[in-house]
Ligand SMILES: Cc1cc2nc3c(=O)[nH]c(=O)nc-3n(C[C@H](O)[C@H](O)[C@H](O)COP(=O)(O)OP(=O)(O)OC[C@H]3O[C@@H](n4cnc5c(N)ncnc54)[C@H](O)[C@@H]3O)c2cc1C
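Next up is one chain by itself, shown in C-alpha cells, the form predicted alone.
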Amino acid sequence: MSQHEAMVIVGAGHAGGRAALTLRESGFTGPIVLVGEESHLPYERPPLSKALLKGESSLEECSLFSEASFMASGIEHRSGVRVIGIDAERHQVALDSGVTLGYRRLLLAMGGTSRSLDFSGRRFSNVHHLRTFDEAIALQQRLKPGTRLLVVGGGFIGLEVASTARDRGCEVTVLEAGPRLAARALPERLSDALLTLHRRKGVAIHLGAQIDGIQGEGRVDSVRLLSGERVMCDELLVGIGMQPNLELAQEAGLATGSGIRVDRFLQTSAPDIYAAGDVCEFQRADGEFHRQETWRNAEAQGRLAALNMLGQQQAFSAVPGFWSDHYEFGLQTVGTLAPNAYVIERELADAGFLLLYLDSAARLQGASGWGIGNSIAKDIKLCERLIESQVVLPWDSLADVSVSLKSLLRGAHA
C-alpha cells in the first residue's frame, strides 16, 4: 500500500471492529488495517459475564463477523501487537513489532484496562478480572458448584458475575465500598431492587465494606475488612471498573480529560484522528464532557466514526442507554438520569417499574426500568422516542399505567 492511503484502526474491540465493517459496507475499497493486542477477531463484551461465562455461548457467537466473512472483507487484522506511538504530523503509527504504518485517517478505539486492587507487589493465581474473552474462559473454568467466589465491587460486572456464579452453584459474597450497589449509574430504587434480588438468590452482600488486608501465599485465602470481619474465598474477582487507555493519545499531544476528547464529529484535537468507544470523551447537549462504557455506545460511535472518516460529517447525537441482566430480571436505562430532574414512578406488573426523568418543562430526559426478562424493553424504546420528540407530557398521565406511553407518543405527532 502507499504510505498514506490506509484507514488504520487502533483497537480491535467492538467499536474498532464495527468501524472497520462500516468502512467496507460504505464503499471504501482502500486498505483497512485493524490493530489489536488480543489474538481474536472483534467481539461483543456483554456476553462475557453472562452467556459465555455460563458456557452457553462461544467466541464465534460473540464475534462481530465470522472468520470467512472477515477474510472476504479484505480487512487486514494485525493481532497480538500494540501501537507504541503516534506521529500526528507525519500521519504514522509505530507498532511494538518495529513496523511503522502510514494512515489517511486514524481511529483510536483502544478501550481500557481493568482497575486492580493494591496487592503490594504480591501475585495471586486465583485473582481474576473480566474484560477479555480469555479472562472469561479462565474464570469460567473455576466456577464450579460449591466454589466460594468473592467479588470486590458492586457494579454491573461484579453483580452480573455474581448472578452467573450463583446459577452455576457457587457460594458468592460481594464487597461494595459504597452505601449502595451501582450507585454511579443507577437511582436508589434500582439499587435497592438489585440488592433485594441478589440477597434473595443467596448472595452475601456487604455495603460500606472497606478492605484492610489480603491473606494468602500464592492464592488469596481470605480478605480482612476494616470492620474486623474475615471473608474466606476460593476465587476472587476484582470488578471495580476500568481505566481508559489514554497514554498513546496523551503522548501524541491530543486533548484528553477522562477520555480522548472529540468534537461532535468524533474527531480529536488532531486532524484526521478520530476516537470511539470506551476511550472516547464527547460533549453532551448540556456542554459537559462525558464518556460511556456501553455496548450501545461502542456500536453507535464505531459506525459514526467510520462514516466521518469517509468525510460524511455526521454529528454524534445518539441517546445513551444500557441494559444489565440478573437472574430472571433485567434493568434498562435510556437518556440522562439527571439528579435534579423531577422523577415520576410508573408501577408495572410482576414487581416491575419505570422511573421517568422530566425537566422543568415536563419533557422526558431519561428513563430507567426494572422487570422480568425483557419485559420493559418496549417501554424503554417508547421512552427513547419520547426523549427524541421533546414533547411536553401530562404529569398526571405518566404514573397511570392505564395510559399507554404509545398514546403519549402519538399525541406528540398529532
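In case it trips you up, residue 1 is the first one in the sequence shown, and so on. On a predicted model such as this, the values are computed, not experimentally measured, just so you know.
FYI, the form predicted together with this ligand isn't displayed, but the following is about it.
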Seminar exercise, completed: Exactly one listed stretch (141 to 149, 157 to 165, 200 to 208, 340 to 348) reaches within 4.5 angstroms of this ligand in the predicted bound form by non-hydrogen atoms, and it is 157 to 165
Exercise. Any chance R45 has a heavy atom within 4.5 Å of this ligand in the predicted bound form?
Worked result: yes
Exercise. R230 near this ligand in the predicted bound form, any heavy atom under 4.5 Å?
Worked result: no
For this session: Check whether G153 has any heavy atom within 4.5 Å of a heavy atom of this ligand in the predicted bound form, and answer yes or no.
Result: no
Exercise. Do N245 and this ligand come within 4.5 Å of each other in the predicted bound form, heavy atoms counted?
Worked result: yes
Exercise. Among G36, R131 and D278, does every residue place a heavy atom within 4.5 Å of this ligand in the predicted bound form?
Worked result: yes
For this session: Please pick, from T294, S191, T173, N126, the one residue with any non-hydrogen atom lying within 4.5 angstroms of this ligand in the predicted bound form.
Result: T294
For this session: Could you list which residues of 77 to 94 come within 4.5 Å of this ligand in the predicted bound form, counting heavy atoms only?
Result: V81, R82, V83
